[in-house]
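Presented as structure tokens, the chain that follows is alone, the form predicted alone.
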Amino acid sequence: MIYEVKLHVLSPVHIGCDESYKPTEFVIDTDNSTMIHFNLWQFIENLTDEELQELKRISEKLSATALVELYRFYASCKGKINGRVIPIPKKLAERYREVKQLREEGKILRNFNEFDIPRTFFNAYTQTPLIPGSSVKGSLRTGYLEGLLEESQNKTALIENANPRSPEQLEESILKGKMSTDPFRLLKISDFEPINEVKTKIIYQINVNKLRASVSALSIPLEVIPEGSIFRGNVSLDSPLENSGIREPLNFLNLLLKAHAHYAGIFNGEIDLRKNKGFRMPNISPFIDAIKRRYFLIRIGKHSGAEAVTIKSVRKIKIKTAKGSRWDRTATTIWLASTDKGPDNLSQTIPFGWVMLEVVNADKL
């Protein structure tokens, strides 16, 4: 059976791809708080001989001051730079303007770290963002495993025998199969492409302690897919052949319901936390009428939170303390997306990674 699926992005999503924007391939428009990501070779083709010689002189410098000179050079050639325009926080644009004035090599190296901006997963040919099917599959699997464990008649024994250093053993016991007999082998999820143009943006990822009154301890820029974006893909679920060894085949609706239950619990927990911290929560009201029939809540990507990627009954989260570390069932901090590096309050921040999965041909479930 093939299901047509849409992903409605409810809060900023970042899917890591081990790539950052290279300092040589972007310039920041400080007046408009935007970053222009461009093709370096196309840019070079538009330079005059004099400009090309200047770029060559800068590129041959062995000092970190070359980075600042390069940014000044780009600024002087701004009219010749065409590329993808990405909104950035005003604070980051101001830092760029300040860094361009630096002269000391040590300060330049320290401050340039602020412009090491991780990219979200993208199509290398079109440069447009993608949501890989593996991210969705991993999210569904975690929720399904938790649901099966909660329903299992051997729940107590499974929990007692769970080895935190070998979580795959617990998964094999819950799914009653491994490798070739794992029922998820028959579930294939395509990468998800944007339905309309999706303009990514740069935000700050701020780490907030759940218990303390302080607002933020750490803030780092990051590229995200913004809320309101919609992606489309397909899910294929095959039936196991006779003697396949798969003892518990997947039922897609059952899988979605278990995943929804897992993430709805976490979502409700963040609603409670919001009452104390004051951050925004995604708006799920447009989907409520068909929730658990056509729409299912899941969470994907970076900063989904330790609770989202672990099974509640066997969850052990490592908490760093002043004296070392300890283990707990809940995280003591939450990552929030913010356009402000150091907000006075959290009213404009929102948790990462919430997505509403829609089965377009839900009549097939």
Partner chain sequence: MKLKEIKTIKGKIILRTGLHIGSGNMEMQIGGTDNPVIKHPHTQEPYIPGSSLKGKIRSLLEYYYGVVAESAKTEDYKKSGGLASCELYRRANGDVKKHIKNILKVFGSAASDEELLVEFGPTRVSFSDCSLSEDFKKEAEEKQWSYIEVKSENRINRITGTAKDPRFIERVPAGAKFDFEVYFKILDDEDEELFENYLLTGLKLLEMDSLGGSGSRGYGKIEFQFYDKQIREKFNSLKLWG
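It should be emphasised that the depicted structure is a prediction, and the values quoted were computed from it without experimental measurement. Positions refer to the first chain, counted from 1.
Although not depicted, the form predicted in complex with its partner chain is the subject of the following passage.
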Exercise. Looking in the model of the complex, is its partner chain within 4.5 angstroms of a heavy atom from every one of C17, L145 and E171?
Worked result: yes
Problem set entry | Partner-facing stretch of 270-278, 81-89, 99-107, 184-192, counted where any non-hydrogen atom is within 4.5 angstroms of its partner chain in the model of the complex | 184-192
Exercise. Is the gap between N196 and its partner chain in the model of the complex 4.5 Å or less for some heavy atom pair?
Worked result: no
Exercise. Is the gap between P164 and its partner chain in the model of the complex 4.5 Å or less for some heavy atom pair?
Worked result: yes
Exercise. Taking 4.5 angstroms as the cut-off for heavy atoms, does L47 touch its partner chain in the model of the complex?
Worked result: no
Problem set entry | Distance check, F73 to its partner chain in the model of the complex, heavy atom within 4.5 Å | no
Exercise. Though its partner chain is not shown, can you say which of R141, K201, K176, K210 has a heavy atom within 4.5 Å of it in the model of the complex?
Worked result: R141
Seminar exercise, completed: The one option of F112, F122, F287, F252 with any heavy atom within 4.5 Å of its partner chain in the model of the complex is F122
Exercise. Of 314-329, which residues get within 4.5 Å of its partner chain in the model of the complex if you count heavy atoms?
Worked result: V314, R315, K316, I317, W327
